[in-house]
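Single chain ahead, by itself, as structure tokens, in the form predicted on its own.
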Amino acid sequence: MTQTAHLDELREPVASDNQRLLVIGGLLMIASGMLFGDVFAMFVLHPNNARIGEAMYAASQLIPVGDADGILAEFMAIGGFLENRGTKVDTHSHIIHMGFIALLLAILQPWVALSDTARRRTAWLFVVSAMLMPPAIFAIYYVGLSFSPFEHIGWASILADLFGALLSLAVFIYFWGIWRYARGDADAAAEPAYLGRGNTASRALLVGGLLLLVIGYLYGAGYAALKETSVAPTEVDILKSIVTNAAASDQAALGADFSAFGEYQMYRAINRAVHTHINEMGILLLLMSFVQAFVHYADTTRLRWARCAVASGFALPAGIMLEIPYGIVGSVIADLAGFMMIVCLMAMLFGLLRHMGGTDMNAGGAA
């Protein structure tokens, strides 16, 4: 690692090429992952839930007549719906989480005791693998086992695992560089200047992110405690009741069972989504707080975008929670909040690009 690059990275988190690649790639991955999540929620998640309920009801109607083949076909259809939903959820979460890791790796670059070339190549390895893994996960449902040399693993799964391994390799290389730095293989560095260059926008994002994380942990702990102490019927209890009442052809009781099952699934899915999204928004706001000094806008404009991001971070999980009493209204609020967060991220990325352009222009003029 050259001394010049090292000193530049101590001054700002977008000084070197590898930092810029990780920051730009990370922000684009987070924004695209959130956009995918909005589309997925509207056009896949809710229709899929309805199809699963319809298939389960159709299977229950075949129990009294003992149509084992028909019941098996319905449950195979349910398995397909679950796989479709699962691969979309995994695609959505992996894009966003890879973006988080990219931003974190950019911030950690001053402590990576490797050559500039090694760090740049590792950054490319991480970003390219992180962008290719989610499409491979997305394709698992559609490719299946077609032309696969293995009995239970398709080509899409193989590629997803390969890109995951490459991501792990890239992170391991950076950790090795950090370990070398800790052993003293690089010149001792002072604390990066950008960690102490706070402004109002940085503080707004930092406080908002910390509040969201605290709320997320408390929400998760409260939900877990409530679930452990609840005397309400579990999922297994409801399914047993469905089978029993279906065998007895008790349509009234069966209808009540399916209503209870749908309600159970809704509460569980919404509570998990609320908990996850609170924590994700908190982490995102914290990471973005570190680069606000280098978002090239006027102070008032930068603060306006930071406040918009904080408001969107709180509104997104709140909208998901409102789906319980208000249904589609809560979904609309959550989708709008997610879209506004995407707009905020793109505005901040544009500000970072303006800063990079100005820095490069000044460097060129000085040369």
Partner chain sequence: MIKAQKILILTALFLIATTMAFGVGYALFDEHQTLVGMGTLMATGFMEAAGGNMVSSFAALDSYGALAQEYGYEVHSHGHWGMLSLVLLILGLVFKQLALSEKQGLALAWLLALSTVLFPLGVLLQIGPAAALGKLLSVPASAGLILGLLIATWALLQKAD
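Residue numbers count along the first chain shown, from 1. These numbers come from a predicted model, not from an experiment.
Heads up, the form predicted together with the partner chain isn't pictured, but that's what we're talking about next.
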Of the residues 232, 218, 226, 252, which one places a heavy atom within 4.5 Å of the partner chain in the predicted bound form? 218
Contact residue in the predicted bound form, chosen from 45, 63, 321, 29 - any heavy atom within 4.5 Å of the partner chain: 63
Taking any heavy atom pair closer than or equal to 4.5 Å as contact, tell me whether residue 311 reaches the partner chain in the predicted bound form. no
Residue 204: touches the partner chain in the predicted bound form, heavy atom cutoff 4.5 angstroms: no
Indicate whether residue 56 is a 4.5 Å heavy atom neighbour of the partner chain in the predicted bound form. yes
In the predicted bound form, does residue 279 come within 4.5 Å of the partner chain, counting heavy atoms only? yes
Any residue of 205-244 with a heavy atom within 4.5 Å of the partner chain in the predicted bound form counts; write them all down in order. 206, 207, 210, 213, 214, 217, 218, 221, 228, 235, 236, 239, 240, 242, 243, 244
